[in-house]
Every structure is written in structure tokens, then in C-alpha cells.
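The chain below stands alone, shown as C-alpha cells; this is the form predicted on its own.
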Amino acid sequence: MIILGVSASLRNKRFSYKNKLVEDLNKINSLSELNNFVKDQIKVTFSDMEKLNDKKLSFEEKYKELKKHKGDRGLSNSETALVYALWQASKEDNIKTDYLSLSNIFENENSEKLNHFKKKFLSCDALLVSGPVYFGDRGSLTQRMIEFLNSDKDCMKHAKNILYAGLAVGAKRNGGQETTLIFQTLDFLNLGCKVIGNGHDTTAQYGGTLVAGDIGKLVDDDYGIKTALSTGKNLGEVLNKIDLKSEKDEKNSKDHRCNIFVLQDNKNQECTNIVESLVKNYKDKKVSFKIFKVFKEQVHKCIACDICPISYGDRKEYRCIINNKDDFFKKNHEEIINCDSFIFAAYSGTNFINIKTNYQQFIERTRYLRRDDYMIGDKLVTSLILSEVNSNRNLHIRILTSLMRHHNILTKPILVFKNANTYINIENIKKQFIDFFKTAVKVKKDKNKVNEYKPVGYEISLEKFLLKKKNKS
């Protein structure tokens, strides 16, 4: 399995086609060695720049001079983030890594460079993108790469068979890293990629979020580096449990159960009807379904208690502090967690007239499932939205970004558009529904694996977590 790491900064130092970055990383056996390697490479970067300072050149002139170097030494901030993630990914079984500088491809592009990029992309099983933040969004090199992928039929076909994860570098802790990663997540989902974030060891967010303004400063961001390491580790682990290129017919798979939660619907239950029709017409009997009409249920609001979950033990036990017998989670806990994939469905209207919803209550109540070692994690998930034209409520985005926090694997949202009383893309939706399960059944089940939730920002929860670890040992 090959992870292609691409650095998307104009400041890239490793821009040579034949640079030895991956070869250098393969020689490093410990994190302390990696830290020393990074610091040494940053010194090289500063040394190159200091030599130019004596010439009293403008920044643009310095930049042009730096590009004349061989491009096989030093590290920019984006490359530094990528180095940590790639090194950690390579420690997973069966994982090999590759590296490419986008500045060498798309800054002054030509057919030879584009063909080189395409060859690299078509040979990878996962794409790991590291780049700077510009006003809460990606830089122009990342954008150009996405445009190229969307314009090439071979790349678009291959994108459906790969994983994607991202790293974003901003000048401050809240410098737009998460919005950048979310926007890129949507772009790569639309390409057909399956998307993951960083791992449970850094509380399952949207990817690596790192802080560095001036060149060389990223090495000081201990937490950011942890998110990069965690992203690489998660990418390697997921690659080892899902073979997206496999041509095996899903009918040969073991029994697979999908839970579909209808969180919001109108008075005619149109979203529910579409879901029921898709399920009824799905031919593979190895896949079974449970449809929950959550919008009709009592879903009590989460009170964000400081001892969530209230106890540890058998996962079949309901352990949320809310104990009302009519509560949806109280009644259905065991069925909720007893599945292999999820679809979260909702009706999106231009207004809330005749809309019944438990969407927000449901999402916030999954807090106890996340904090109980990501109880619904490691599954393929998507959103299915029946949207009136011009509703613009972005439910598909909100659902998927919430599920990313549960340590899941995201796939392209299923969007049904309604104009007046007509569903204008229903045939495409049927195909997407089938495609979802072609992928979902490829996710290997490992019931013994537990992703330990590590509280960040909750001192009482942290004390409880540490006590639990002590008791285990």
C-alpha cells in the first residue's frame, strides 16, 4: 500500500523529482531521531536563506535564488508537517510512502510535469496533502491540484479507490486550519475518495492542525506535531483494513448490517419514503437494514455532564446519564451500536413549516458514544439528504463533519434534489446507494480493537480516564 504525500507550499525545499526525503525517513527508527532530523534540515533551510541575506535581495529575489538549489535538502513548514505524518504512517504494516512537491508541478506547469504528477497519483492507495492556510482555505497549489484531478478522467476514476487525509499549517492555533481541512474534505469526497481525519490518540478531529508562521517554527508546536503523527498513523491503519481496489463482489462478503437514522422529515415523510424505497430495491440479501425514524422519537438534549459516560464496562450497556425510559438512546442503545455501517438521513426544506426534527438533539447525544472509546467509530458512513432546491442548509456537511469526530471513514454524501414535486436526480441516487455498500462491505471488522478516548479540556473526565488506566494496569 502506497501513501503519496504531497506538500503544497511555494516555499517547498524538497522540490526535486529525485529528492531523497522518503529514503531519509526510512532510515529513522525513533521519534527522537526524527526530531533531530527535522531540526537539522531546518538549519539547512536557514543557512541557505542567511547566505542570501548578505546579498540584500528582496524576498521575491531570494525565493527565485532558492529555487535554483538542487531541491533535495531542507524543509519548509508544510514539508515538516508531512515528514511527521509520513514517517508515522510508514511504521504500520504493509505501508510504503512516496513524496511529491506541488511547487515543482503546478507553479510553472507543463505536460511533462503534469504527466509525472498523474503517474504518481495513479500509483498511490492514499493521498496525504500538507499545505498552508490562506484566509481559512487552502493555497493555490492545492487548488490547482484539485482542478487537475477533476479534469482528468483517469484520475477521477482512480480517486474512487483511494483514501485521503489532510494536514494544514497556519500562523496561529485558530488560524483556519480546521476550515481548510473541512473544505478539502468536501472536495475529495466529491472526487469519490474516502476521507479520514487524525486518530483517536489526538481525539479524532479533521486531520493535522499545525502552527507555524515564520519558516522553521513548526518544530515548536508539540501538539500540532502529535496531530500530524496521528493522521499518518490513522491513514496507515485504515489502509490495512480496507482494500478499495479489490474487485471481489460484495455478495461474497459476510453478513453486513447498516443502520439508517432519519433525523428530520416533512409531514409527508418524503425522506423516509425514499430511504424505504432504496432499501426495498437493494438486491444483495447479505446486507440487512434497520431504519430508525428518529424524527418521531423522544430524544432528550445532552446536558454535557462532566462524567460522560457514567461508567465503563460491557459495551452493550447503556451508560449515558439521561435515564428516561422513553428516550431514543435509552430504548435503542444496543441496536444503535450493533451495525457495520451508518447512513444519516434528513429532509432539508427552505423553511421549517411542517418539518419535524430531532437532528441536533441526536447529534449532540452521540457524545456518550464518542467518549466511550468511539463506540460507533471505524465504520463507513455517509449522509443522505432530500433537499428542496434553494434550501441551502448544508446538512450533508454538518453530518459528515460530526461523524468525522467519531473516528469514522467518510464517503460521498448522497443528495436528492427536489424541485416542486419532482426528484430530479433519483436514478443517480440509486447508484450511489449501491456504491456505498460496495465499499462498506470491504471494511474489515475488528471487534477486539478499542480506540481509547483521551479527554482534552475536561479535567474531571481526564482524572476518571487516568484512574481507569491505572485500574487496567
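Note that the structure is predicted; figures quoted are calculated from it, not measured. Don't overthink the numbering: it's just position in the shown sequence, from 1.
Omitted here: the form predicted in complex with a small molecule. The next part is about that form.
The single contact residue among G224, P132, G197, G74, judged by any heavy atom lying within 4.5 Å of the small molecule in the predicted complex, is P132. Note on contacts: among G192, G349, P309, G170, the single residue with a heavy atom within 4.5 Å of the small molecule in the predicted complex is G170. Among heavy atoms of A212, some come within 4.5 Å of the small molecule in the predicted complex. Among residues of the shown chain, G175 is one whose heavy atoms approach the small molecule to within 4.5 Å in the predicted complex. Contact check for S9: a non-hydrogen atom falls within 4.5 Å of the small molecule in the predicted complex. Contact between T231 and the small molecule in the predicted complex is not found at the 4.5 Å heavy atom cutoff. Here the chain stands by itself, but in the predicted complex one stretch of 77 to 85, 385 to 393, 322 to 330, 95 to 103, 77 to 85, has heavy atoms within 4.5 Å of the small molecule.
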